[in-house]
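As structure tokens, one chain now follows by itself in the form predicted alone.
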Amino acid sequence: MSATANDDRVRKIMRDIKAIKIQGARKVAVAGARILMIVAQGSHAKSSREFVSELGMVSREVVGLRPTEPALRFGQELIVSKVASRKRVSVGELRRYAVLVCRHYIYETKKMLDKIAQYGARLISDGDVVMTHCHSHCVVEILRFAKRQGKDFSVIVTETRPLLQGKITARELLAEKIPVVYCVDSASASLMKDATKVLVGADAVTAGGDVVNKIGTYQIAIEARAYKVPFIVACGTHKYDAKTALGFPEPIEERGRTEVSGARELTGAKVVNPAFDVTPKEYVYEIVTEIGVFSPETLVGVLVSHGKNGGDLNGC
């Protein structure tokens, strides 16, 4: 690990990503870009080759912090590969270019979120009761945008154990004066009869069109189908994991047992704490992205045909 990567700011961001103090795929990806920017700014590499190697080493550690985050992985790969492709420049010029690439990536992710909010708000109508799970910046921005358009709707927010990320969603919606019903996860089936739509985020979309999201999403999708409630997903196209087309499964992060049980409780029991689950495409009505609203199969087809994966850095 380079001296720059041991910068207190870098280590703090890494700890916060690992502990899910920074949460939401977009914010995690942006935090990863900020780490590379700090490393680039403080690098003491003597050559361009040494500098690229340093960025790559830090990037691999960053990706390992949250394995089920394609947005983080793709963002890191994009930035490092873009910097590595810059030939015949001094190490000083390459450092400055790396900072520019990181800043542009952060700007592009914000622009992506704005587009998703605009497309998604079109799906929200007066009188809707929208159920959501966990905390998704895409979902919150869609609902904010719809509210600011003057639409009258309410939102059922599940608490999302074990880290209660639903509270973040509830607080942000309440700040916009959007009516909220906050419930325990196990009440979702009972409340589904009142919902007109389900709107959740995604941490990954596989090559088959399945959606990886916070644990508990799959059971909500099953409940939505039972009540014939449209199950809608909102995410950027950088969540698409093309590697799954080659047979590589999307890794599911297993969190520590202390999040759900005291270290000395349930001695002898195997405590299972997966961070995510997979919702089959058959349960997904539509996916809202920055390029439009699609069925899972159509979205994958569009992304494959355009070779789109991981965002756009063509402006650098």
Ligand code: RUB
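Nothing here was measured: the structure is a model prediction, and the numbers come from that model. Note that residue numbering begins at 1 and tracks the sequence as displayed.
There is another form of this protein, the form predicted in complex with this ligand, and it is not shown here; the text below is about that form.
Participant: Tell me, please, which stretch of 100-108, 133-141, 72-80, 149-157 lies within 4.5 angstroms of this ligand in the model of the complex when heavy atoms are compared?
Facilitator: Residues of 133-141 come within 4.5 Å of the partner.
Participant: May I ask you to state whether Gln165 is within 4.5 Å of this ligand in the model of the complex, using heavy atom distances?
Facilitator: Answer yes; at least one heavy atom of Gln165 falls within 4.5 Å of this ligand in the model of the complex.
Participant: Check Val302 for me: does it contact this ligand in the model of the complex (non-hydrogen atoms, 4.5 angstroms)?
Facilitator: It does not: once this ligand is placed as it appears in the model of the complex, Val302 has no heavy atom within 4.5 Å of it.
Participant: Even though the partner isn't displayed, in the model of the complex is Asn213 close enough to this ligand, meaning a heavy atom within 4.5 Å?
Facilitator: Yes - in the model of the complex, heavy atoms of Asn213 and this ligand come within 4.5 Å of each other.
Participant: Looking in the model of the complex, any heavy atom of Pro296 within 4.5 Å of this ligand?
Facilitator: Heavy-atom contact with this ligand at 4.5 Å: absent for Pro296.
Participant: Quick one: which residues from 22-36 get a non-hydrogen atom within 4.5 Å of this ligand in the model of the complex?
Facilitator: If the 4.5 Å heavy-atom criterion is applied to this ligand in the model of the complex, 22-36 yields Gln23, Gly24, Ala25, Arg26.
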